[in-house]
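Below sits a lone chain in structure tokens, taken as the form predicted alone.
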């Protein structure tokens, strides 16, 4: 089973294009809505949250886990891989992130070598995109901007309100002055505000979203690794988990992504509280 892990609703913008491209596989989605946004937490907390999620997902039949959350990918992915992928286990299961395919597409897309990145405080402070793009093309200049208020607006379904759009405009103003030609939406929640990003940035700026790039990258990855692909179940099962309100989760998925999903199961990830 393929598991998609995110801090909340955002990973649905990754899951949807993956399902559209690879509908034959079984998917387990875990949104840690109860502790969203991850970007305002400490590095130690983010790593702890990621460890709890991975432990839960592997224990419930996942073979391949994708960190849809940019913050978890930037801050915790390497630590989690080192902890859970050891020896024989490395052959039997995998943990992937969204940063690499997004960075690769941004490096290919930029014509003037000036790329912008927006994300949570933790993602931006990690400089993960700067390092990833520098490895691909050290000549590209990266301009980053933390947008800490966007995820709370999105999680509360306020992202189309004038207040949210006004804040987004303020966040984007310095990036517009940097003459970027490519903008990475470095948080899976941000595609819920995609139309506002496009209007405010203008047509000449290419937006890079995690979902389509991760879906294409996953398809290529499975083609290159038949030993992993053959272990994945293919019954078309979709199961959803959340650490907060299942009904709110279901309604959000249906209203904003037109995903008709069955009622999610509420789970407790903080094992210390059990």
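Residue numbers count along the first chain shown, from 1. All values reported here derive from a predicted model rather than from experimental measurement.
One more form of this protein, predicted in complex with D-glutamic acid, exists but is not displayed; see below.
Although the partner is absent here, residue 31 is not a contact residue: none of its heavy atoms lies within 4.5 angstroms of D-glutamic acid in the predicted complex. Taking the partner from elsewhere, residue 212 is found to have every heavy atom lying beyond 4.5 Å of D-glutamic acid in the predicted complex. In the predicted complex, none of the heavy atoms of residue 106 sits within 4.5 Å of a heavy atom of D-glutamic acid.
Contact annotation: residue 151 falls within 4.5 Å of D-glutamic acid in the predicted complex, judged by heavy atom distances.
Remark: of stretches 172 to 180, 79 to 87, 116 to 124, 131 to 139, the one touching D-glutamic acid in the predicted complex is 116 to 124 (heavy atom within 4.5 Å). In the predicted complex, 37, 38, 39 are the residues of 37 to 65 with at least one heavy atom within 4.5 Å of D-glutamic acid, listed from first to last.
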